[in-house]
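Just the one chain here, the form predicted on its own, laid out as structure tokens.
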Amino acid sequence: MLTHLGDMPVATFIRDYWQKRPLLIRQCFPGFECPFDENDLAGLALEEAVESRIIYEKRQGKPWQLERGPFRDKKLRKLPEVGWTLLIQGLDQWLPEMSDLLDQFRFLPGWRLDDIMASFAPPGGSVGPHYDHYDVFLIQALGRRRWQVGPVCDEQSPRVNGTPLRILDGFPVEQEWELEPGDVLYLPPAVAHHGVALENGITLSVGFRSPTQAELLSSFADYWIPQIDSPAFDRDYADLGRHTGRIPPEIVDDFKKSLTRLLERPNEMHSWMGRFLSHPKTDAVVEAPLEDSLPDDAELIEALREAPIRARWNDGSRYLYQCYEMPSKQTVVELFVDGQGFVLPADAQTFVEQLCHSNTVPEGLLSEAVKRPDLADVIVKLIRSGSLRVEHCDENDTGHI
């Protein structure tokens, strides 16, 4: 995890720049070497499970056109020499090195940390002048790119017609920089920006998103409908009036009371929110290991207790937690991993905090935790679901448990 952005302590960055104004960080990652190239990105773009896109500066006479993958190899080989950009979303889900890079940014709110997107462009390539609704760190990984940054924009800002993308129709350039590998540009939400590749290059975008109110409402409904108590909610309305065309106001009032009863379950609201925010970006990224590849629960716990263990989150997994008070006045800590929730007593908070701190689990944390039956049960479930990966790390017995 980063403690400094260049020479700047992260506390200074959060105080003076986070969600306030852009910042160029020269050599935030000194000597950065990109662990992949455009051919590796092209290979990912062929896969059904990978979210990929190509943005064309002009296609069939129209400006800034979008095409979604997966793509065929023949298609990628016939791309023109200029005028396009290949985008690969969720790179941290497929490359462990990118998962580790994402982990460097956990000094910021973990529930908002989204993913890493890679963009490859030939010289002159761009995705057009635009703005985003989220915070982003643009890491130059390969080649050089020129960035122009402008004012804060909104839905009223002029846009280019004839494109499905949110392309700005020009903006006043306030700052301009040329980035090289290892340089990072931070941009708050809604700041206009335009990056143009000066040579074959790759830029990595670390995005920090927050759910919209519409997404929360949709998730809230999906979560609660199967859990609503039949006696209280699963009933028809009786005849409340004799006027055939009139909707009785009592129906609205009764429905409002039903919603109020849901909202008055704070512990269940915590559980819903944690499951929603921890859900992986795609379901395919968390895959349970084959049953016969693991020992039974007792043997697994014994192996975790006795052997030196190396453990890390599944690449693409999300670990979060909340502390709250139950109706019984008992304080609990609930661990959320990939849409699952595990309610634990308050004295498990230190374990949960350490587990959620980084994608690399601290040495000795699991071997100590499995001595408690409640924590051992959670750890086993995480391993069996594929959210936690463990392996022996001694010299004579290296391999998966």
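In case it trips you up, residue 1 is the first one in the sequence shown, and so on. Everything quoted here is computed from the prediction, not taken from an experiment.
As for the form predicted in complex with a small molecule, it is not shown, yet the points below apply to it.
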Heavy atom within 4.5 Å of the small molecule in the model of the complex: which of 285, 138, 102, 311?
-> 138
Listed residue that, although the small molecule is not shown, lies within 4.5 Å of it in the model of the complex (heavy atoms), from 184, 117, 153, 304 | 117
Select, from the options 143-151, 250-258, 291-299, 313-321, the stretch whose residues sit within 4.5 angstroms of the small molecule in the model of the complex by heavy atom distance.
-> 143-151
4.5 Å heavy atom contact, residue 179 and the small molecule in the model of the complex | no
Just to confirm, residue 132 within 4.5 Å of the small molecule in the model of the complex by heavy atoms?
-> yes
Report yes if any heavy atom of residue 93 sits within 4.5 Å of a heavy atom of the small molecule in the model of the complex; otherwise report no.
-> no
Give a yes/no on whether residue 205 approaches the small molecule to within 4.5 Å in the model of the complex, heavy atoms considered.
-> yes
